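Next up is one chain by itself, shown in structure tokens, the form predicted on its own.
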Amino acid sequence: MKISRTFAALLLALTLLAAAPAAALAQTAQPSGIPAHPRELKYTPLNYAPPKRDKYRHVLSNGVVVYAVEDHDLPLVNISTLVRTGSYLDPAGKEGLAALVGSQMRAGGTQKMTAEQFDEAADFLAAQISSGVSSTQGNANLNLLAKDVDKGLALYFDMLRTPAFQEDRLKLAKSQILQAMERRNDNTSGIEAREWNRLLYGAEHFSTKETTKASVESITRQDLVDFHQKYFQPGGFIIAASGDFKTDELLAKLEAAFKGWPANKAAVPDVPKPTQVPVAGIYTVNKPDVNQGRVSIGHTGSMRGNPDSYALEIMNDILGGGGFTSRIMSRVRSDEGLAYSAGSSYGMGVYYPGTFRASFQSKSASTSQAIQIVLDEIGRIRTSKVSDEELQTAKNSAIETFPRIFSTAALVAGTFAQDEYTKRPADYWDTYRQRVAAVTADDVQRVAQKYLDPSKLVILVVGNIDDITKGNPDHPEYSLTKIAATGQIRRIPLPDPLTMTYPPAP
């Protein structure tokens, strides 16, 4: 069979092409100006100025502060009201009252509309209306189409001002709470959170006061009415509004909505501080039906106004707060494969000190090994300086992601309203990046030595303690007994889920 010269030349070209090195082909195909590796990418300097709080701050005639940020991209309006209240105001013996007020304001109808009618009216507008009360703050939220803002505000303020706390809805909510109580000891994450707070803040602090069957059953509809009348009033409101509106028109609508509703200027009691000093040591909660251990390691943190807060933020980012670039995550997960997720946080409290906490979940056999790795990393960041690469990565992460804090109108309004609520200095965000950029490796080591204290560490382990204590036979050098400074391991028994009465420790 005779092959033409053209066809033969084509075959030769294809053969040479197939034999060519892949790198050479890639280089040949590389478009001009595109780096060969992501590390060679160059970025222009970030030029971003944060919004100014005063530009969006307005004060109604009754003294209510409103942060209004216009956003005309979508025909939506968002309104959130921050309320100076919280579960810390629950009367003794009626734990759970504030939370019920928060949920039943929305669920329990109003003096003008039954719960069913209110639900139907909100659904007809496709409006999302919600309310709630957390430990130190109340919230009420409205989201709807801009064209329906007048009708939505009428519903929203009806809920805020005159909730009915409908008896059948309240009865249902209390029943659901009691059912949830029965499962308190089922989930190790819930046990860990509960016992961690008790170890750090004590059993008498409001943050660790759990609802009980008796406390929930003692709460009456009148209790909800009295709590609402005392704390849900304009004198304790701060409003964040964003969306498709004209600011002057929205302020006029809010003025009209508040008409005839007097503002009580009486001061709300301060959030109480914990009095317990945490006792260092290893504490265990036995859950024999699980095959992994949940671990929290830490001690008391600091307050938000601390001038060292910027260095602490960078220190924690390097230690365990920075995800896959952090030391704890790299060692526990990437290097040793002992946990899916591991990290740390350094809490800067608003009303009382937060907590430093490193945490992870690992197989029972490897729990002790993972604990020792975390302890080693806490020690290492105290005794040696972090590398330039670690320092720059942590600082760049904080600085380069800074614009996300104000990336939407809702975030701008919400951030400034929250700052007003917690009395954060007005210029805080103006200087944040400069203060982060000024942090040095010496600063990181200094705050690590000052604010991380191995002698004060509380170690909480929740899981199958017998299996965790046995450890890994391939690594007998790791054990809870060896980690315990005195060899003593304190056991925390599981309480009765309905009474929260703890039996004697085993």
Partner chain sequence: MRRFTLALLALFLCAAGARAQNVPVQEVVLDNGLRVLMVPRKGDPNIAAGWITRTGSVNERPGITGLSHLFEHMMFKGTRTIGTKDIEANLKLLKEMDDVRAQMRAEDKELIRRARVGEIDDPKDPKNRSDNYRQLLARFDELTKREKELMVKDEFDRVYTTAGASGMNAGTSNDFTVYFLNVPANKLELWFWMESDRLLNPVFREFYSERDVVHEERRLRTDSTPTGKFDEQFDALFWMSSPYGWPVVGWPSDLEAITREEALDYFAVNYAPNNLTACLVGDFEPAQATALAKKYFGRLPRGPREPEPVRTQEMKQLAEQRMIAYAETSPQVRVRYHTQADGHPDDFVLSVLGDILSGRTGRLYKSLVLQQEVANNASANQNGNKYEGYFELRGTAKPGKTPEEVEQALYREIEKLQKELVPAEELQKIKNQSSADQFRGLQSNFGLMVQLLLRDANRSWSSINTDPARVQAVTAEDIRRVANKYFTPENRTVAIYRTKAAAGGDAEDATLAGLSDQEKEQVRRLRAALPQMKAEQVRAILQQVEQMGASAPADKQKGLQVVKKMLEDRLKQLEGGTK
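Here the structure is a predicted model, which is why all the values come from computation and not from measurement. Numbering follows the first chain given and starts at 1.
Beyond what is shown, the protein has a form predicted together with the partner chain; the following relates to that form.
Look at the stretches 119 to 127, 82 to 90, 264 to 272, 298 to 306 and give the one with heavy atoms within 4.5 Å of the partner chain in the model of the complex.
-> The contacting stretch is 119 to 127.
Gly63: heavy atom within 4.5 Å of the partner chain in the model of the complex?
-> Although the partner chain is absent here, Gly63 would stay clear of it in the model of the complex, with no heavy atoms inside 4.5 Å.
According to a 4.5 angstroms non-hydrogen atom cut-off, is Ser362 in contact with the partner chain in the model of the complex?
-> Although the partner chain is absent here, Ser362 would touch it in the model of the complex, with heavy atoms inside 4.5 Å.
Determine whether any heavy atom of Gln222 comes within 4.5 Å of a heavy atom of the partner chain in the model of the complex, and answer yes or no.
-> No, Gln222 is distant from the partner.
Even though the partner chain is not shown here, does Leu172 get within 4.5 Å of it in the model of the complex, heavy atoms only?
-> Yes, Leu172 is a contact residue.
Of the residues Asp430, Asp150, Glu167, Glu400, which one places a heavy atom within 4.5 Å of the partner chain in the model of the complex?
-> It is Glu400.
Which residue, Gln418, Thr393, Thr247, Ser135, has a heavy atom that falls within 4.5 Å of the partner chain in the model of the complex?
-> It is Thr393 that has a heavy atom within 4.5 Å of the partner.
Thinking of Ala36, Leu41 and Asn143 as one candidate spot, does the partner chain come within 4.5 Å of a heavy atom in every one of them in the model of the complex?
-> Yes, each of Ala36, Leu41 and Asn143 comes within 4.5 Å of the partner chain in the model of the complex.
Residues within 4.5 Å of the partner chain in the model of the complex, restricted to 256 to 292 and counted by heavy atom | The stretch 256 to 292, when checked against the partner chain in the model of the complex, contributes Asn286, Lys287, Pro288, Asp289, Val290, Asn291, Gln292 at the 4.5 Å heavy-atom cut-off.
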